[in-house]
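A single chain, nothing else alongside it, follows as structure tokens in the form predicted alone.
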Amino acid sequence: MESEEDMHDANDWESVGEDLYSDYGEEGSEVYVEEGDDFFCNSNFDDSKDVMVVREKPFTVLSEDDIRQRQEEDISKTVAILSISKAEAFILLRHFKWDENRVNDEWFANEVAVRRAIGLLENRVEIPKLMELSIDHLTCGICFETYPPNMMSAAACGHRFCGACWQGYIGTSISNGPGCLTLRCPDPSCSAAILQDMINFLATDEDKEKYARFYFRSYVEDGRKIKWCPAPGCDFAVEYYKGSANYDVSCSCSFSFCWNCTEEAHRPVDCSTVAKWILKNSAESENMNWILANSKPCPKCKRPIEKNQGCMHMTCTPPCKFEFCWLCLGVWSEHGERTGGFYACNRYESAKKEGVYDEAERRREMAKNCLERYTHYYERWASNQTSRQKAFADLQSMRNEKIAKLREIIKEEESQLSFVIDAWSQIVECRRVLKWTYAYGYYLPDHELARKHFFEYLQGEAESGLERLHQCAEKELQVFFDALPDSPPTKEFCAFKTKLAGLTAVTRTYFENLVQALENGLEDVSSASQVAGSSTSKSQSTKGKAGKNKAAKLAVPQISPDDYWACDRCTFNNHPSAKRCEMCSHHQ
């Protein structure tokens, strides 16, 4: 018979689940579908009512033409306000990260200091005035050759150099990258800026084209409001509006990424966790864990050796060739029948009983467990990534080929078949979310059992719901592709449409709630545990001193996952109180 405490805890868990995920059919939710409801099959059905809550996106996708137009508008505004040239306005805006407000504030606060910082001279030195001095030849400050004044060029500072040296200086700077946008006078004592007008006059056609590309891309790469889409071959950029807690954006090329860290979209995991997970997948730390778990160092040269079969007689590889016992690591010449033969070691057994090998065995067992735990989460993370790529390929195939074929079979307009595309798009999105929940689960502290168990329950429910949607969109839809065009299964397809649209809506709602719950750190679980603890303490207050002691034992201080520190050598997450890594003994 269940105790009163167990029944109370069970009711608490039910209330948590109901509060988080019981709003699928309530008034105000996104979609409500009943069995047998045929409103999805009504040709006069208004998609704008009661089906989808349209949320305003916190970002805008920009093409190259959009970016170029915005850049020209910002430069024109600065030219009009500050009464400077377009080339000077470009250098000024780029210096202040294309922030117009900051440009105006800094310029009007101290124009002289701003000009000095970016190399803009207030008064240009005019070369024609110098030519009136009747100087026939001038010496280039780079090649030290003499040239007529008309073959020499100078920036606003008046330092003159020959055309060949200018061309080589500018070409070398452009070849080195975007730093050419802040090019200064070649004279070591001068910091005057080289403006775009002069570069267009002196540079080769190839260098001018490269400079124009750097000039254009500077608006995105040096600004703070816009970032390029990181997808290979994509030329779109995304402008993000501050104020939204969700950094996930979707480009017009169908690639979703995090605007904050420019990695692929990774909700519900934060950017710092993604960085740690990617580093762990690519670093050598797991190789070290594997070596600790599956090998022992040679007693002589300390190279790791794996024993995968055979007896305990080990021989290190040349040039060491040291022979030793695998168990006790002693010299093999001291072993024989009296020590247990080739498949046992009495010295090891006796020393083990005395605790000589406890620390080494403990570290090896810990490394093995850590490796198995990481492998468990990584394999499922990678498996969902593969499934997501397969689902995305199916989505593209459905959008480009199969929808047209289905339209011919069912005799419906393509707009009436958009629910199929919506279902496949939702599958792709859910696979992405499910993939990152495994990275989330890996970094959940083991001692927080309530959060861990509830997380695993929610993750399992999410997998089951996604599999139902995936099977319906893949297997059940195939039946209609196999149907004959002469006898379209209109009634059956109407029922299928209702089912698939309903599953899509329910799955979307569940995953949105799941993401929100994980981003909030499963606060409902913590609050439910606190309520259960307070109720339990009240019920036990009349049971005497023993009950008080039991309640005191339950009051375990909560430690945040952020309090754990990762080892610099092996990346193992250690308890905050540990001063030395429990895995590799490296100091904090």
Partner chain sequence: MQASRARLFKEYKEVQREKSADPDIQLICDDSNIFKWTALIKGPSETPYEGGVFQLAFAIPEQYPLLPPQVRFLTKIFHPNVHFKTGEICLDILKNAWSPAWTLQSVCRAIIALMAHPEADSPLNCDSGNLLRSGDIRGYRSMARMYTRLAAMPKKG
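Numbering follows the first chain given and starts at 1. Values in this document were obtained by computation on a predicted structure and should not be read as measured data.
Not pictured, yet referred to below: the form predicted in complex with its partner chain.
Residue in contact with its partner chain in the model of the complex (any heavy atom within 4.5 Å), chosen from 445, 465, 186, 299: 186. Among 117, 143, 479, 212, the residue placing a heavy atom within 4.5 Å of its partner chain in the model of the complex is 143.
At the 4.5 Å threshold, heavy atoms of residue 282 stay clear of its partner chain in the model of the complex, well away from it.
None of the heavy atoms of residue 510 is located within 4.5 Å of its partner chain in the model of the complex. Remark: residue 169 counts among the residues lining its partner chain in the model of the complex, judged by a heavy atom distance of 4.5 Å or less. The partner is not drawn, yet in the model of the complex one stretch among 161 to 169, 403 to 411, 107 to 115, 450 to 458 has residues with heavy atoms inside 4.5 Å of its partner chain: 161 to 169.
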